[in-house]
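Below, in structure tokens: the form predicted on its own, a single chain.
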């Protein structure tokens, strides 16, 4: 039988988007993970291997056991749920550094299930389960969340959702449809800068206090509402006023060298609307009114990291960015 293979690319993402802890996420152009699958039609076995990572990145700390790998865990969930009689040889190319706050665990899981969905469409009928017609985004979202649960210690959707659906997403299990894609104003751009530091997501979650004051809750709720409304109505001023994190950023900023300096530097650029931590860090991001402003923000942030003795990589993305494909 001819080899059945497919591949998918999943973009990096910004979890929380500063203002919306565990519920907002933003897809980013220009960087991500690629997963190639070859169907194993003789058994349900699954193998994990890696192609060369992007320059400067390393695969050394990534598990090759399927149960311990985020792509593998997502595929095992899909395989069990659909009762697939096949396995997969999985080859991952990491473009997102480990512990970067750029949604690397989500990207590998999402790319894996999107690639699997492509293979299911070309499977011979004798190997295709009756319940498999075309997998919906919602189904793929559920499978990928199991990979995120392994990678981050909890199945929070703020990276998986934008990585899969693209754009700016609002996601919660409280919704009948767990993911909503939100509008973004024309011209809005994002700067994402990753300093050469690693922050483990599980550790970054463990340091968070379990409660907040009523006043902080009210203020942060207003900021989330203002940010969503600002995006929906193309109100750049409201976006800028609302993109503030009163809860998580103060608790995590000490994990990021030169954080206050990079924040001041970003806001010094005309057109910068807001700045915060990307996911658990150490990457930081800013939203700007234009691509030109976004480039200026990248230059200023990188200069501050350089003064702190850190190399960094900057990614500038026009919004909205596409999801996995």
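Please read these numbers as outputs of a predicted model, since none were measured by experiment. Positions refer to the first chain, counted from 1.
Another form, the form predicted together with L-homoserine, is not on view; read the next lines as being about it.
Contact with L-homoserine, judged by heavy atoms within 4.5 Å in the predicted bound form, is confined among 279-287, 258-266, 37-45, 293-301 to 279-287.
Among the residues 205, 234, 128, 118, the one placing a heavy atom within 4.5 Å of L-homoserine in the predicted bound form is 205. In the predicted bound form, L-homoserine lies farther than 4.5 Å from every heavy atom of residue 9.
Residue 252 belongs to the set of residues with a heavy atom inside 4.5 Å of L-homoserine in the predicted bound form. Not displayed here, L-homoserine is approached by residue 201 to within 4.5 Å at the level of heavy atoms in the predicted bound form. In the predicted bound form, L-homoserine sits within 4.5 Å of a heavy atom of residue 21.
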